[in-house]
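In structure tokens, the next block holds one chain alone, the form predicted alone.
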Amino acid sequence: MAQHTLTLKKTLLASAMAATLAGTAFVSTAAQAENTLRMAYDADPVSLDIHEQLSGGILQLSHMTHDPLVRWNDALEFEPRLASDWEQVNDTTMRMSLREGVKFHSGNTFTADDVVWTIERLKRSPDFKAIFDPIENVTAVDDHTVEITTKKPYPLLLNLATYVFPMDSAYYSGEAEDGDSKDEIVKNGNSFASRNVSGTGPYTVANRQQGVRTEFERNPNYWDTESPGNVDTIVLKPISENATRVAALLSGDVDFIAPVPPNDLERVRESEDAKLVTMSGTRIIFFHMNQDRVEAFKDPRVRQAFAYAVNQEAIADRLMKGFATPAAQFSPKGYAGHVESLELRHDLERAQTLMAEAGYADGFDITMMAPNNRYVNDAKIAQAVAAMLARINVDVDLSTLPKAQYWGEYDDRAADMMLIGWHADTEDSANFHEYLTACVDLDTGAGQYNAGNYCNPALDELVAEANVEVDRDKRAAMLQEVEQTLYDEAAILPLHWQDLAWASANHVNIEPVVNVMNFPYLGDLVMDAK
């Protein structure tokens, strides 16, 4: 789900329209506010409708203007938010208790009916409906209790709850002035929900000029009185050009930027007026080895030789300038399937021995393809891997393409080795295998992005069992067995998890609010006096 088709383009609309507010009139307070955060991201959220697009920008907006039922903490555990408690009633039903006394920006009271309405809307959103397909129905037991029933036992219901940001059902009901329904979802279009917002979150939208500037004001009636956040106003300005965005921070024009490109990490780190925060991300960058195109790739010894030939640490240190965490498996630390004992296996002598044992001491020729503008240093990474494979006598014909052209080639499996990055939308290990290494099945969609045509039916069965196992420990053991097998059989050639980086002025304490999901919890942000 997290491949390029769901990591959607952050399309910037050229118009500069002032947005209608959710129950408030526009009053610019940025100049008067005691604590104003001037923030520059690489793109602007495409809409105020949090169900219009599944993207990082929209999820960041969601955490500012709304609250989820639950959210991830630093340990990738679930933290109660609008859901204060939950229990698994049976294998297919979860009951959630909701916080009382919570108000939407409009003044309407948050109830279970809003949760029901929101999930039903998610199930008809083009971008979210596939994720929410496992849900059979949602029922309001009373004003502060909901029951969510799945079609079959489903262990990831709490994962889905991190995507449920209850919307103000009363506010979005009825018809807008143009006669259209207020709750309609219009992709890249003009709808009531794309221009208006009423959530329960820490910020209201005070003013918006699409693609130019969005101003947020602190919600004076915010329910979370224990939040340490003290930012009164946030002014978000999109700056797409990396160097310009970094320069804006270092010159003092903005207080917080994201992302920070690898080439500017040292520049920010050495500045006396700014601080840099980095952490390992959860997006795995790796190569597929296509067994249908190259006979040699059917031999696990050859695939293992490729794994031994590639030096992930060198790529992370030299090419990525430390902006990557070398990987030996799909699952990052914190995921259920992560196997702590799996180690990087760069060993050129061992690689050469395996090639000889497989009958390929003299090597062979292959084609390789990678994008050149999708992932950090993607083309350079492919060039480095090609050079490393030359040491085991593999001659690589490398092509790199802009992402707009690359994905069509990827879908056509146009090369023997193809680079891809993947982040599991569900933050769950099963997602990797289902889309990337499962036996390809055009009818079910299994292995949809398996450009290596690796196939192990026993693993498919194990993942299927894990997907209906609600005992989290048992399920983790199953997924770890899957990860171990993929490693042993060298199903893919993992390279690294792409790191994340943010930077801020010294008086902005971003460390406690940034996270591996890459949407900082800005409602909890603390700014010190300058």
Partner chain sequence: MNAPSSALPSRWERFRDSYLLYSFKRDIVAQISLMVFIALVAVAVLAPWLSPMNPYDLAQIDILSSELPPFWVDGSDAEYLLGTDAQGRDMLSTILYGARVSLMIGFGAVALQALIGVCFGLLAGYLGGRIDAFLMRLADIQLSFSTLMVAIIVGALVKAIFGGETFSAYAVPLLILIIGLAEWPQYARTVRASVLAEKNKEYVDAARVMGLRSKRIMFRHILPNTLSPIFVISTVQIANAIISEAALSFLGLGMPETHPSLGSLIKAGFDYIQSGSWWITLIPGAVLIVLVLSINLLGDWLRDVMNPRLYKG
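Take the two forms, find the largest set of C-alpha atoms that superpose within 1.5 Å, and that set is the rigid core. Numbering follows the first chain given and starts at 1. Computed from a predicted structure; not experimentally measured.
Below, we turn to the form predicted in complex with its partner chain, even though it does not appear here.
- Using a 4.5 angstroms heavy atom cutoff to its partner chain in the model of the complex, none of I50, H51 and T118 count as contacting.
- Exactly one listed residue, out of K237, R345, K275, R267, brings a non-hydrogen atom to within 4.5 Å of its partner chain in the model of the complex: R267.
- None of A314, A130, A361, V141 but one reaches within 4.5 angstroms of its partner chain in the model of the complex through a heavy atom, and that residue is A314.
- In the model of the complex, at least one heavy atom of R391 sits within 4.5 Å of a heavy atom of its partner chain.
- By the criterion of a heavy atom within 4.5 Å, M94 is excluded from the residues contacting its partner chain in the model of the complex.
- Under a 4.5 angstroms non-hydrogen atom cutoff, its partner chain in the model of the complex lacks R124 among its neighbouring residues.
- Interface residue remark: R71 is not counted as part of the site for its partner chain in the model of the complex, having no heavy atom within 4.5 Å.
- Stretch-level contact check against its partner chain in the model of the complex with heavy atoms at 4.5 Å: of 383-391, 278-286, 82-90, 184-192, the positive one is 383-391.
- Residues of 300-326 that come within 4.5 Å of its partner chain in the model of the complex, judged by any heavy atom, are N311, A314, R318, L319, K321 in sequence order.
- Core-aligned CA deviation for E147 between the shown form and the other one: less than 2 Å.
- Relative to the superposed rigid core, R293 undergoes a CA displacement of at least 2 Å between the shown form and the other one.
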